[in-house]
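One chain is shown next in structure tokens, namely the form predicted alone.
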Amino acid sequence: MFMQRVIQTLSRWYNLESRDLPWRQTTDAYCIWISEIILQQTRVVQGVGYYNRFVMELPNIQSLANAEEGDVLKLWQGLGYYSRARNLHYAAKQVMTEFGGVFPSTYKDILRLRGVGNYTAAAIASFAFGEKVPAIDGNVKRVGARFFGLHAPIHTIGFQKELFSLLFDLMDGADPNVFNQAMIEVGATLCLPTQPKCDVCPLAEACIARLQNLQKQIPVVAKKQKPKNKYFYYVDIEVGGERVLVRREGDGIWQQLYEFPMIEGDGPDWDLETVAKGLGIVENFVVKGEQSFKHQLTHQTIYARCWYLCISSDKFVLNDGWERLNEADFLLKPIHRLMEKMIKFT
């Protein structure tokens, strides 16, 4: 009875205090899926604008499946992790071919979609279809660890299995949609990594970490691996009123996105002469400017330098894969966040 009262308090708090977000106003699995993928590495404030633009341009699974990859990447531009946009596109085609164009309605089937993991599948299954399955993201791991007093490191399989089982039992009699949304909301707004707001938390009366004053010790988080440094050297070439772009091929970050011609160095001190020679630029050029950038990714820190060049010769020979584009076509190409930074200095 005590736990049932706690869950009722949690549900009432959510209905009264939760943030008004567009994807919470629908049970459309497609829209919920889009929101969850966008929010995987994006703050809610930023994610709302991307979500609204995405579902306005591609309002359903059929429109996403039929879209050109470049158009999908352009809508995704600025969010990073472009493999997620490609997975969205691929998964939309999966729904058309494997599920007859109808978004799958069970946790097990949703997991079959490319790019969908346990949390995302559980979120869609519970939010859209009311399936009883805990949706465990980073926020819920923190809330669950404190609430149940779990001391195992939150990245371990043992912790995740135990938390899943405890939350599954706790959900008995609750609305799966409201329960999961409420747990996520508590983690996002109250049960913060530092300085949790225990005095206004609807779970406070049953939270072991609060009762035992262990908020600073729980959750147990392993130290993150130090990011690796990489050094990218770019040239922005203007020739005959056009600019040169190249599309990244192969695997790795930013594949299929466009950027200025680039060569990767082994250190921070490469000069323009070395870079131009490495890129095969032999024409005379004028240097209009130079700018350095630092771009932080999850597992690597990119130190980039870009030289802004003007080549007057119309006989300028493009390397394989390079494209000369007028301003209008240039702006239509999907680019990554570092490119956005470099363009601002032109």
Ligand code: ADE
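Sequential numbering from 1, following the sequence displayed. What you are looking at is a predicted structure, and each value in this text was computed from that prediction instead of being measured.
Here the subject shifts to the form predicted in complex with ligand ADE, a form of this protein not shown in this document.
Student: Ligand ADE isn't shown here, but in the predicted bound form which of Phe127, Phe147, Phe260, Phe179 has a heavy atom within 4.5 Å of it?
Tutor: Filtering the options by heavy-atom distance leaves Phe127.
Student: Counting non-hydrogen atoms within 4.5 angstroms of ligand ADE in the predicted bound form, say which of Trp13, Trp23, Trp322, Phe330 makes the cut.
Tutor: Selected residue: Trp23.
Student: Within 4.5 Å of ligand ADE in the predicted bound form, counting heavy atoms only, one of 38 to 46, 310 to 318, 54 to 62, 297 to 305 shows up; tell me which.
Tutor: One stretch meets the cut-off, namely 38 to 46.
Student: In the predicted bound form, does Ile184 come within 4.5 Å of ligand ADE, counting heavy atoms only?
Tutor: So Ile184 counts as contacting ligand ADE.
Student: Heavy atom to heavy atom, is Tyr119 within 4.5 Å of ligand ADE in the predicted bound form?
Tutor: Close contact exists here: in the predicted bound form, Tyr119 approaches ligand ADE to within 4.5 Å, heavy atoms only.
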